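First, one chain by itself: the form predicted alone, in structure tokens.
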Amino acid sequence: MQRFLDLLSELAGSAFENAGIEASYGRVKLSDRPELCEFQTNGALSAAKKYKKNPMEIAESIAERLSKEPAFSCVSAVRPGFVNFNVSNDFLLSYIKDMYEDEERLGVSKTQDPKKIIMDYGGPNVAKPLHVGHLRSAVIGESLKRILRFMGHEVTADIHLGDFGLQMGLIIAELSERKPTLPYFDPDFSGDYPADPPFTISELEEIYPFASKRSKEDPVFAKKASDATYEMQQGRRGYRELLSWIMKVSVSDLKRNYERLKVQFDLWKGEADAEPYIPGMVKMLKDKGLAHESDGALVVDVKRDDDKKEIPPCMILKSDGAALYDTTDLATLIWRVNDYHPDEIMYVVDKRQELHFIQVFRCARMAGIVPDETELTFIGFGTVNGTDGHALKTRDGGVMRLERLLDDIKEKMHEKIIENESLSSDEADKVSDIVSLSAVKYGDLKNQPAKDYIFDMDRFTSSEGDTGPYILYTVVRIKSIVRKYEEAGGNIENIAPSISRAGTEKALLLSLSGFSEEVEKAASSASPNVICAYIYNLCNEFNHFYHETKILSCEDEDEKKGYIALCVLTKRVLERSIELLGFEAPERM
């Protein structure tokens, strides 16, 4: 199906063309003054200069032509050259009926230019629990993946674990002092290593922060950790076995936490997976004359004459020969291009990493690691702050674990839901899981990705206002209406949307007609907040319709069927939208 605005623009374009003006000037948009009209075109203003005519003369000519078109009603030319109009009920209803019949896609056409895309989001370091800083990457990335797939793109999601850097060396160095008799630390050991891990997830999560803090205070230990990192990267057998255990124990815990967020990855690759490509890449950079030594390190200069700020060199190897993030990200690009031949590689990461990706992208282009036709896209997101405006912390001032944040918001949501005495204890627990996830995800996604936002638990869990629970309450309200209609003997299989004599539902119909426009906009701009804004408005329109319309008690059976069909379509659009955002609605609340 065409987008509704495109259909209107085609009709308006024909009017411009018949007036001797290019059809492209007939682009229609939603009215800036909805109290005056539903839609407008300002093409007359744009065309006036080129065609050397008074804009009002053009507007009046176009208005005269559009007033004869059955799709439009209440057409008027308004100074200084706008053409304002409403759409006819019949034209709007025809479009809505087509949406209703298209139960799967609801009028949204797949892209005519599908891409093969690799999305890099998640990015947690192994051996560390997920904290609140990991929330945005997971939530935004998951939503973008779903939106792009819905539009017809082939998307492969990669978590890209941090598993090959200094954090590994810190753990190995600390463990070697706590448990020095383990065979992993004996360079001459050639037997089979133990079948059980040398630590639990709790122990591992305690070791890393302890070792990290110690390295900042103890230069000798810091050197030991650095050396361990290098030896692990160079393939020392015992250290690689420890790396394997760190991965197994950590990934199991990470999967549990991501599952709770309803975030799923196709690939659980990490920096270590890029290691086999590093030696060849280093040689290639040297052979091409791109890499050179600087203070003992191997670097590639990526600055340009037109740079407005300093862009440091891309560091390939440290002075001790160890790899860095630049190294593994470049090597990762090699295997992604070789194995997947993507049209685009998209990174959803903290916006504070922008400089790093400028360096990596430029180096990759200079070295021919990524073909010119493959897009490299950086989507930087802002930080999550507490109500005090600072980074979200625990009560004792530590970094807040994501699991703790989810527990807190579920508890808050459970307190509210349990007040509904019609739900059993088990039901209330399940519903609070669903609704709390909507509160977290919607609270994040309604913001522009690049902007910081305040995590306000009271506001996010409210059932009123621009919140996830409000969206779900609206869906549940519609489910209740449809359920009661069916319990009374109604059949939703033989109904279709209509417009009643009162016409109170037109604003809702207009809102529904914009679904495809907003989904495509969210996909093209990589902005899930577009869908959030759309469904918030749609919920407002539905609830306004609900409060002023007797739906189930309507005495005219045909009108009632039309109302119910409109409820069904609204439910479908809302459910599809929240699915794209990464959450779902319960049956009752």
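Throughout, we count residues from 1 along the sequence that is shown. Just so it is clear, the structure is predicted and the values come from calculations on it, not from any experiment.
A second form of this protein, the form predicted in complex with arginine (ARG), is not displayed here; the remarks below concern that form.
Proximity to arginine (ARG) in the model of the complex, taken as a non-hydrogen atom within 4.5 angstroms, holds for one residue of 349, 175, 77, 509, which is 349.
Interface residue among 453, 473, 325, 221 relative to arginine (ARG) in the model of the complex, by the heavy atom within 4.5 Å criterion: 325.
For the three residues 125, 134 and 353, a heavy atom within 4.5 Å of arginine (ARG) turns up in the model of the complex in every case.
Mapping the unseen interface onto this chain, residue 329 counts among the residues with a heavy atom inside 4.5 Å of arginine (ARG) in the model of the complex. Residue 189 falls outside the set of residues with a heavy atom inside 4.5 Å of arginine (ARG) in the model of the complex. Taking the partner from the other structure, arginine (ARG) in the model of the complex has no heavy atom within 4.5 Å of any heavy atom of residue 245. At the 4.5 Å threshold, heavy atoms of residue 357 reach arginine (ARG) in the model of the complex. Only one segment in the set 195-203, 117-125, 295-303, 308-316 has any non-hydrogen atom within 4.5 angstroms of arginine (ARG) in the model of the complex, and it is 117-125.
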